[in-house]
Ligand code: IPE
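One chain comes next, on its own, written out as structure tokens in the form predicted alone.
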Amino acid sequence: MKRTPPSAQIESGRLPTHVAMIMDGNGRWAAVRGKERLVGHRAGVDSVLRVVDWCREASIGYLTLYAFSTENWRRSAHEVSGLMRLMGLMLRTKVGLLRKRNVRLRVVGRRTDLSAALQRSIAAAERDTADGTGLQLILAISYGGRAEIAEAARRFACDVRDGKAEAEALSDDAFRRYLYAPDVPDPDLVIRTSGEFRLSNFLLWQCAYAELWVTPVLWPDFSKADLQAALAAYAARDRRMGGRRA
């Protein structure tokens, strides 16, 4: 895949407000090194921390990372339990670093799927970083786009039943209020590593007009130059959002 060369200067008005990333390739990264998949996931955590810093430097307002999908529960019990331990460890040990960097952490997804201990770690991390006024880091854990839309529809139906909403008044903006993070703007740019050209059930409602950028680079190898290339490609695109060019 031909990469867009990083731009030395990208006008701030051409930068995305919200970048979403599908962090793919940890398992393949480990496999080519003869290691088990969890070694790749551990290396992937280091990439997360680096990307957070690079997005802060670029003045990105929101960064959403696809950490664990509703479909990922189908993986081996060994890999799933290892991933859950890794996420819990990251939440417990990196909160201080996020606070120091003025980052607010939020988690979206089906929390009831998670262990009580991990739910407590999430709640504590969100509480401890709630005052962050810089980058908002949103982790999608046990997240599925279809599940989010279905849950939003159920909540809206309950409000209609209880007389709190009218079915005829439903609009795109009204429906957004039932999503996991209705205050977060839609992603402007979706980056996917490892070369796969699909959304994989990620932010299906929110990504209606997102720009897509795919790289063959595996997530643990994702570099600052790769991010700069994605931002440069985004800045060069003509985003008409369904409208006609003037």
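Start at 1 and count along the sequence shown; that's the residue number. Everything numeric in this text was worked out from a predicted model, so none of it was measured.
This next part talks about the form predicted in complex with the ligand, which is not shown.
Residues placing heavy atoms within 4.5 Å of the ligand in the model of the complex fall in a single listed stretch, namely 37-45, out of 52-60, 37-45, 176-184, 207-215. Though the ligand is absent from this view, in the model of the complex it lies within 4.5 Å of a heavy atom of just one residue from 128, 79, 166, 151, which is 79.
Using a 4.5 angstroms threshold between heavy atoms, residue 64 stays clear of the ligand in the model of the complex.
In the model of the complex, residue 33 stays away from the ligand, with no heavy atom inside 4.5 Å. Proximity of residue 72 to the ligand in the model of the complex falls within the 4.5 Å heavy atom cutoff. When contacts are judged by a 4.5 Å heavy atom cut-off, residue 84 does not count as touching the ligand in the model of the complex. With contact defined as any non-hydrogen atom lying within 4.5 angstroms of the ligand in the model of the complex, the contacting residues in 21-47 are 22, 23, 24, 25, 26, 27, 28, 37, 41, given in sequence order.
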